[in-house]
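Quick heads-up: it's one chain on its own, the form predicted on its own, in structure tokens.
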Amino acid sequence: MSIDKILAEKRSKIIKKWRNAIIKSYPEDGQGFLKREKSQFANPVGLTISTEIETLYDEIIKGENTEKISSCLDSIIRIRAVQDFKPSRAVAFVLQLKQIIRDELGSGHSDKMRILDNRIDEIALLAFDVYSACRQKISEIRVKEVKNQVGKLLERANLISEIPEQRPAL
């Protein structure tokens, strides 16, 4: 049987293990909630992880739509970027998929697995780019907020005045 058929047959089992591996990266007190709560309003993080990794898995296996992969990564990593994850932990979930697939496939399929490994490695690099862009945006937002706060404080202290227009001398 081809590796593609095996991966399709074991899709739900692999995705379930992958989801559990991602949830284990969160603090223990939140893991149960992320697993248990199914409401999109009560648990948007868990819902995003669940829906996006399904699409991400399908796209990784197909290896076709880079835009869709990037969109899925953005949805997941945007959440992880605002949380207290180190960059390596924020994107580690992509690399965890390799071991999960290996565990499910067992030995054999080395040529196809090498191709899949390379694809997952490329996606991990893309995930790091997405994480970096998210963190950059967060930094820009923080700087802008600090500037606004300082400006308001200076206004309240009456330390800001408008500079009158200078008229050209005649």
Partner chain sequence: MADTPKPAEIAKIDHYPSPFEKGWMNKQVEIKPGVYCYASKPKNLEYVGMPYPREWNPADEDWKLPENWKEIIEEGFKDRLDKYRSFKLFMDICVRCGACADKCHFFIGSGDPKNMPVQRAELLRSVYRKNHTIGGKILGPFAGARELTEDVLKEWWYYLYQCTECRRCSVFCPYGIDTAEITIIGRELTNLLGLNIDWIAAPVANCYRTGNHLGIQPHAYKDMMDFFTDEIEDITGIRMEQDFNRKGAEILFITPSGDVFADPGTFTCMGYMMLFHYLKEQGLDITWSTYASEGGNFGFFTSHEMAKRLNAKMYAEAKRLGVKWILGGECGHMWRVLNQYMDTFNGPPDSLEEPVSPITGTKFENAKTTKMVHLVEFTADLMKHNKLKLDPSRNDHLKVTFHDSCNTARGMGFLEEPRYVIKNVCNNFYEMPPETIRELTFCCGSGSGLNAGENMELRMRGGLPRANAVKHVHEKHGVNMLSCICAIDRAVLTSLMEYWVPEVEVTGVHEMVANALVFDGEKKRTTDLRGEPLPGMEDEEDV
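Numbering follows the first chain given and starts at 1. The model shown is predicted, which means the values in this text are computed figures rather than measured ones. Between two forms, the rigid core is defined as the largest C-alpha subset superposing within 1.5 Å.
Heads up, the form predicted in complex with the partner chain isn't pictured, but that's what we're talking about next.
Although the partner is absent here, Asn148 is a contact residue: one of its heavy atoms lies within 4.5 angstroms of the partner chain in the predicted bound form. Interface residue remark: Pro44 is counted as part of the site for the partner chain in the predicted bound form, having a heavy atom within 4.5 Å. Contact annotation: Arg135 falls within 4.5 Å of the partner chain in the predicted bound form, judged by heavy atom distances. Contact check for Gln40: a heavy atom falls within 4.5 Å of the partner chain in the predicted bound form. In the predicted bound form, the residues of 4-36 lying within 4.5 Å of the partner chain by at least one heavy atom are, in order, Ala21, Lys24, Ser25, Tyr26, Pro27, Glu28, Asp29, Gly30, Phe33, Arg36. Relative to the superposed core, Lys38 undergoes a Cα shift smaller than 2 Å between the shown form and the other one. Lys144 is among the residues whose C-alpha shifts by 2 Å or more between the shown form and the other one once the rigid core is aligned.
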